[in-house]
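Just the one chain here, laid out as structure tokens, in the form predicted alone.
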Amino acid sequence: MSSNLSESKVSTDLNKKPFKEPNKFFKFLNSKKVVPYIFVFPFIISFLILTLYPAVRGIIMSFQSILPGQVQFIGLDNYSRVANANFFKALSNTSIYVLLTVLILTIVPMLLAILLDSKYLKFKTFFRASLFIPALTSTIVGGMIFRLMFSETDSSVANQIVSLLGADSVDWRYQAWSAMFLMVILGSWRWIGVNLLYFLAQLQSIPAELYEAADIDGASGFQKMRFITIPHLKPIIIFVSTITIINGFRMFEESFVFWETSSPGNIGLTVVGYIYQQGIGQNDMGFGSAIGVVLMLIIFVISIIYLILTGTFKRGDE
């Protein structure tokens, strides 16, 4: 009996396939030290090709005079031309746009998110979807609708509302204040829904026990918002306002859709619009690149100052 079992065991061992070690190359790829780099490799490649290379190339072009078939280094000549009346007008328009959109796109989505997160509101999903739909709409399509709504005719929607209030019709695209209003309202209309989602996600992460404890202590709604909601929303407030600052300085479509490349008295001229006007319209790529580099430095400096003032770089225990 014992002899039969031994023979059977020997036979089973012989039938087993020899263990084959994995290929060293695949073993290397599956190691914990390499896998993270494989996952980030596509991002690194896209960053190098689509971000770093154009940035470096743009900086080099800012020191060149570029004409068809003729490229020549001219030192700082392009930068010496940047400080002109059109650039300062564009920078002024852009700065006002940034200031207004930061206020609107931070405060309004936060209040809407608090309202949508409350237990008293019904049809929350419908309102969330309705507010997010503009973010899926092309700026050009949205801008065309806004141009119809704010046209200069007395029959336009905006002028009909103005006439109901007892005022005269407004030439919306030909006055400085209404031009800024059009750009701000279009930009805010598009991005309120996106910022709303950021605030909603953060609101839903606040522990309910904090509000229950506040109720036990007899805190009012305002006190709960001041001492619980706002402090927990601070990281999102800083994030939303920072990306709004960056996107505001990069704004182009909101101006282009109303006036294309030129507006009366440059009332709709932005810095990026000025880059497009000089680099593409006037075929002065070197000067356009110099304006782009100056804009990049402005965004960098303002963003760093803002993050320092809001305490973003401080450690959690400070």
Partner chain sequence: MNSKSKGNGIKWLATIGFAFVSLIALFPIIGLLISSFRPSSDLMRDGISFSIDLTKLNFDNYAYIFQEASQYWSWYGNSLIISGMTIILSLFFSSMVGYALAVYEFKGRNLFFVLVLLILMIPFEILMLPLYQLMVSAQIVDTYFAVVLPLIVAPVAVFFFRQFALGLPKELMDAARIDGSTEYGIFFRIMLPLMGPSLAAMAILQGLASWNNFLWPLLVLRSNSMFTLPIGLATLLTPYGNNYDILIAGSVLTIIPIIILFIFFQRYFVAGLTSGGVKG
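C-alpha atoms forming the largest set that superposes within 1.5 Å between two forms make up the rigid core. Just so you know, these numbers come straight off a predicted model, no measurement behind them. Positions refer to the first chain, counted from 1.
Unshown form predicted together with the partner chain; subsequent notes refer to it.
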Exercise. Ok, N86, S156, S169, S178: which has a heavy atom sitting within 4.5 Å of the partner chain in the predicted bound form?
Worked result: S156
Problem set entry | Heavy atom within 4.5 Å of the partner chain in the predicted bound form - the one residue of I96, I145, L103, A214 that qualifies | I145
Exercise. Non-hydrogen atoms within 4.5 angstroms of the partner chain in the predicted bound form: do F26, Y37 and V257 all have one?
Worked result: yes
Exercise. Can you check whether K122 is within 4.5 Å of the partner chain in the predicted bound form, heavy atom basis?
Worked result: yes
For this session: Please run the contact check for A219 against the partner chain in the predicted bound form: heavy atoms, 4.5 angstroms, yes or no?
Result: no
For this session: Although the partner chain is absent from this view, report whether F73 comes within 4.5 Å of it in the predicted bound form, heavy atoms only.
Result: no
Exercise. Contact between F132 and the partner chain in the predicted bound form at 4.5 Å, heavy atoms?
Worked result: yes
Seminar exercise, completed: Answer among 191 to 199, 223 to 231, 73 to 81, 88 to 96 for heavy atoms within 4.5 Å of the partner chain in the predicted bound form: the stretch 191 to 199
Exercise. Mind listing which residues of 30 to 64 have a heavy atom within 4.5 Å of the partner chain in the predicted bound form?
Worked result: N30, K32, V35, P36, Y37, I38, F39, V40, P42, F43, I44, S46, F47, I49, L50, T51, Y53, P54, A55, R57, G58, M61
Exercise. Rigid core fitted, then: does S262 show a CA shift of 2 angstroms or greater between this form and the one not shown?
Worked result: no
